[in-house]
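Given next, in structure tokens, is a single chain: the form predicted alone.
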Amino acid sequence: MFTHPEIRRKTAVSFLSAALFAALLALFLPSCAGKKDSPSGKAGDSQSIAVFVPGVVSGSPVYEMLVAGVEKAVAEFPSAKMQVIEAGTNQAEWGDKLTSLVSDGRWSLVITSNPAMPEIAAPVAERFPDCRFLIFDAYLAGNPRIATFRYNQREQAYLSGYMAALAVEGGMPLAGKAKKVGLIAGQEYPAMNGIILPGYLEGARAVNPAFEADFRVVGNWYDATKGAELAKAMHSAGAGVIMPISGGANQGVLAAARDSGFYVAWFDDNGYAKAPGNVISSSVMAQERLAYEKTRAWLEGKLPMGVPGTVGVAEGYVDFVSDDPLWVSTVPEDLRKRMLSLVEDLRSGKLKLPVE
């Protein structure tokens, strides 16, 4: 068939333009890996998971447990793949970094852990509607693209406050005599102000209603020098037991405890070996276990979206580490018995501390 050269040229240009437009459209349309989502949130046959760490993994027990749990689940599914992305400690950058991660279209599920993440993830989920998000240590109801699971941090903080007050009331040598317990936070956030701090004081006052809480804020999640300064000032003001929830700044609190001679109530994982003789409690959350179970549920297509979950002592996801030899050697037997009695009351349901 004969075609005029000019017509052939214009036709070729048209096809090229169409192809270029299609490529650009595919590049910029909101998309994650996978084309069709089931009610469980599983994106078709794609099993690509990005673990978005709002901080750094090394030295952060919460994120170390998160990564370990996801890795364990992914290892059981040969077709699954995962990648860990560290977003750093500047919270102002997390939204942009999460958007950049999701926009490349490679991931069917983004897993993360932080109380601030639902608010950050919600607009990203709206912009990229094919993506699904699994967020631990957080709570959000009603978003069909986001599943959240929170730990009963009222129970967790209550356990810490109770042991801190027992140390004072029981006359432990570094606890001092003031009816005062300390809490150092990296930053203020709703769960800290509304659940953890009140729960910590509630636990202390269960021992003696006269206890007060000294609460101070580092202003970030990494400044160990500032953490040490706050802890020393708090100790000088009478707090003989201090609980740090301040990321990398926790190391400064531990150093100050060793130097100045006070006790530390550790939060989230077993901390007794971090400062033997100074750490007198470890209230923990089973982040690795929960991350494994819920990641596996996603990979099996069984993870419901939009319905938040809360887990605590009764379910085995919040606990107090009482079998560590360092705790046994540091805390007198009578105080250990009182502490174990409290744990059993929570485990059995005799004592109920729901998160509102």
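In case it trips you up, residue 1 is the first one in the sequence shown, and so on. Quick caveat: nothing in here was measured; it's all calculated off a predicted structure.
Just so you know, the form predicted together with riboflavin (RBF) exists too; it's not on screen, but the next bit is about it.
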(message) What I'd like checked is whether Tyr63, Asp137 and Gly247 together line riboflavin (RBF) in the model of the complex, meaning each has a non-hydrogen atom within 4.5 Å of it.
(response) yes
(request) Note which of Gln91, Asn143, Ser103, Gln251 lies within 4.5 Å of riboflavin (RBF) in the model of the complex, where distance is taken over heavy atoms; exactly one does. (result) Gln91
(request) Using heavy atoms only and a 4.5 Å cut-off, determine which of Ile196, Leu166, Ala256, Met234 is in contact with riboflavin (RBF) in the model of the complex. (result) Ile196
(request) Quick one: find which of 110 to 118, 95 to 103, 68 to 76, 168 to 176 has residues within 4.5 Å of riboflavin (RBF) in the model of the complex by heavy atom distance. (result) 110 to 118
(request) Flag Phe262 as yes or no: does it have a non-hydrogen atom within 4.5 angstroms of any non-hydrogen atom of riboflavin (RBF) in the model of the complex? (result) no
(message) Test of understanding: in the model of the complex, would Gln187 fall inside 4.5 Å of riboflavin (RBF) by heavy atoms?
(response) yes
(message) Can you work out whether Ser160 and riboflavin (RBF) are in contact in the model of the complex, taking contact to mean some heavy atom pair no more than 4.5 Å apart?
(response) no
(request) Verify the contact flag for Met285: yes if a non-hydrogen atom of it lies within 4.5 Å of a non-hydrogen atom of riboflavin (RBF) in the model of the complex, no if not. (result) yes
(message) Using a 4.5 Å heavy atom cutoff, which residues in 267 to 281 contact riboflavin (RBF) in the model of the complex? It's fine if the answer is none.
(response) Phe267, Asp268
